[in-house]
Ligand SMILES: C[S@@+](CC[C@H](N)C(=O)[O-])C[C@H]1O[C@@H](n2cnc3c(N)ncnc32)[C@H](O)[C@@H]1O
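For reference, the chain that follows is the form predicted on its own, supplied as structure tokens.
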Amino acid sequence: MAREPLLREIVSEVLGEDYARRIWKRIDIIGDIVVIRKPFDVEQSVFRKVGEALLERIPYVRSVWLSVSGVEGVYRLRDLIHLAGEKRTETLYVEHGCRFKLDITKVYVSLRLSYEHVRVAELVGDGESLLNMYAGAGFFSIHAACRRNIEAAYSIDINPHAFHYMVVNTRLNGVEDRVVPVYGEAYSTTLRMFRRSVDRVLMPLPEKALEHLPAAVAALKDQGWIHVYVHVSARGQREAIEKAKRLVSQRLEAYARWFWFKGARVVRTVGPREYQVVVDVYVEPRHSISKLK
């Protein structure tokens, strides 16, 4: 991402300070592409000037796009309008030393998960086998493989474009011997291919994580870690964390012999009093979980 003061300065010069206060924190730089997320109260027409100014002021930027929708659909994508520069949506994005090729119109990417990619990777032990139930272009799995001597990171995604880029990215980072892309729907694929197979499960899709949690438990060997990402409504971060832990606990009670929480943290704010929270939980499955369909 570009330096925030520079982005605010550009928007302030082009549109004025009032616009700068509303826009400057809603700009992402992914490789050499800028994506500006349109606030609901700012008219679309003003953004072309911002796009042209960004091209002039930031030498490595080649293309600027405006996001005019929230994340939508099974593939979690945004509607984008071209503003300036090359009319190109594929780029190479470098994150904490790992390289990721992707198309911003075909693959979900959130720069706000950058810290989580590394945080989870640093928790992984050498020799572990992982299952990433919603792997996308491979961010979590590839970071883990680059930082730890893992046995394997089985990486499921239902988006054929994400699967394609995941394959490309394993080769770009030299981890194709340990990151295993799997094309399919997370819940059914987990139960069909990965029962009692892994030491750790990643669930970075808040919209589905609680629903699919039984399959994640079934994928663990005798015991193991699950990282569950959820969205919760709360009056503050402390309440959000406690609510997330309570939701995960309620879901686990029927499928785990016992479990304990190592930690939980707010990943980001996703709306007014809406938070994304990750819960790190250690689980021993019930024997009956093997009968889950």
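Just so we're clear, the structure is a prediction, and the values are computed from it rather than from any experiment. The numbering used is simple: start at 1 and walk along the sequence shown.
Note that the form predicted together with the named molecule isn't included here; everything after this is about it.
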Exactly one stretch in 169 to 177, 218 to 226, 74 to 82, 193 to 201 has heavy atoms within 4.5 Å of the named molecule in the predicted complex; which is it?
-> 74 to 82
With the partner left out of view, is Y134 within 4.5 angstroms of the named molecule in the predicted complex by any non-hydrogen atom?
-> yes
Within a 4.5 Å heavy atom cut-off, is C146 in contact with the named molecule in the predicted complex?
-> no
Can you check whether E185 is within 4.5 Å of the named molecule in the predicted complex, heavy atom basis?
-> yes
Does L205 reach the named molecule in the predicted complex, with heavy atoms at most 4.5 Å apart?
-> yes
In the predicted complex, which of the listed residues (I104, L113, A121, A209) lies with a heavy atom within 4.5 Å of the named molecule?
-> L113
Contact check, 134 to 158 vs the named molecule in the predicted complex, heavy atom within 4.5 Å, ordered by sequence, gives Y134, A135, G136, F139, F140, I156, D157, I158
